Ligand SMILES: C[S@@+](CC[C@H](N)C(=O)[O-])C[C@H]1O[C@@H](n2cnc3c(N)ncnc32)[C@H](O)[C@@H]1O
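Take a look at this single chain, the form predicted alone, given in C-alpha cells.
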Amino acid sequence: MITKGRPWLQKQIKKIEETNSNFKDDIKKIKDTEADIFNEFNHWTPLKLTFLNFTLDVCAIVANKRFEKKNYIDLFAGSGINKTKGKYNDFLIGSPFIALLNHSKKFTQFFFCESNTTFCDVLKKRVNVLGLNANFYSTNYEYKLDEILNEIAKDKKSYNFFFIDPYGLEFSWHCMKKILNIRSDVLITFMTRNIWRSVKTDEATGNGHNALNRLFGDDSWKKANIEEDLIKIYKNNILKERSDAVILSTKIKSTKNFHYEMIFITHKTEGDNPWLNPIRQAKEEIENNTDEVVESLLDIIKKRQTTLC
C-alpha cells in the first residue's frame, strides 16, 4: 500500500526520469550524446534531485515577480546525466538539465563549473545538441567563482540561485562567504555523515582536520559533541555572515546508515517568508522517504512492479 508522501515523490521523480519527463525526447538526445559517459548515483540521490527541482520551481516563480534577470549557478555540475547503481540502468537528468529543461524559461543565464574535464566537455556537447546556451568552466569552482560573481554583478538587480553539490568536504567557507554576501538563494549539500567521520579521524584519512577548518572557516566544528551538532554549527556560521538568513535543512536518508542534509538559504522577507511554505512541505515529503522507497518507485515507474512492497 502506498503510504503518505509516496504519491508526491513518484510524481516528482517522473519529472526527471528519462521515459516520463515532459522532455523525454530531449533527454534521449542528450543521453545518446557520448552515451557511455554519465554520473553513477545511489538510490537516495533522486531525493536530492527532486528537492532541487521543486525548490527551483518555487524560487523562480517568486523571483519572476521581482527580477528581470535570473541566474542559475551550478558549481559541481557533473555530466548532466545520472545512472542508478544496481541491476537496472535507470537514467535521470542531473542538476544542469533540471535547470535547463524544467526551468529554461524562468532563468536568463546558466553557469556550470565542473572540474572533471571529461564531464564538462560532455555536458557542453549535450547542451549544444539541444541548441541551448550556457556558460561552462572546466575547472575547479574556486578558480572561476570571482569571474562568475563579477558577471552576475553587472546587473545589480539580478536574482541568483546557487546549487552547490560537493561529493564530500570540497566546498570552502572562503567561497561560501562570497556567495552569502550577495543577493542569492543557495541550496548546498552538507555531507553530515562524511564530515562526522572526518571529525573522528585525523589527517591520515585525506579528509582530516585541515579540510574541516576549510569547510567551516575556522575550528568551530570542534564544538560538536554528536553528529547532529555539526549542522547546527554550520548554520550558526551562516547566520554570522548573513544575519537576515532564513535557513531550512532537509535530511536525505539511506537505509544503509548514511545521510546528509540539503541546506536551503534565503533572505528574510516580509510576513516571515510565506512563499517558503511549499518548500517546507516538500521537505516533509522528502524526509518521509528513503533510498529503498525510491528504488521501489522506479520499479513502478518503469513498470517492473505495480505496487510498493
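Just so we're clear, the structure is a prediction, and the values are computed from it rather than from any experiment. Residue numbers run from 1 along the displayed sequence.
Here the subject shifts to the form predicted in complex with the named molecule, a form of this protein not shown in this document.
A residue is said to contact a partner when one of its heavy atoms sits within 4.5 Å of a partner heavy atom; Asp74 meets this definition for the named molecule in the predicted complex.
Residue contact check for Leu49: one or more of its heavy atoms lie within 4.5 Å of the named molecule in the predicted complex. Within this chain, Ser184 is remote from the site of the named molecule in the predicted complex, having no heavy atom within 4.5 Å. Using a 4.5 angstroms threshold between heavy atoms, Thr139 counts as touching the named molecule in the predicted complex. The single contact residue among Ser254, Asn39, Ser249, Asn42, judged by any heavy atom lying within 4.5 Å of the named molecule in the predicted complex, is Asn39.
Ser95 is the sole member of Asn160, Ser95, Ser198, Asn102 with a non-hydrogen atom lying within 4.5 angstroms of the named molecule in the predicted complex. Note on the interface: of 225-233, 112-120, 126-134, 149-157, the segment with non-hydrogen atoms within 4.5 angstroms of the named molecule in the predicted complex is 112-120.
Residues of 78-94 placing a heavy atom within 4.5 Å of the named molecule in the predicted complex, in sequence order: Gly78, Asn82, Gly94.
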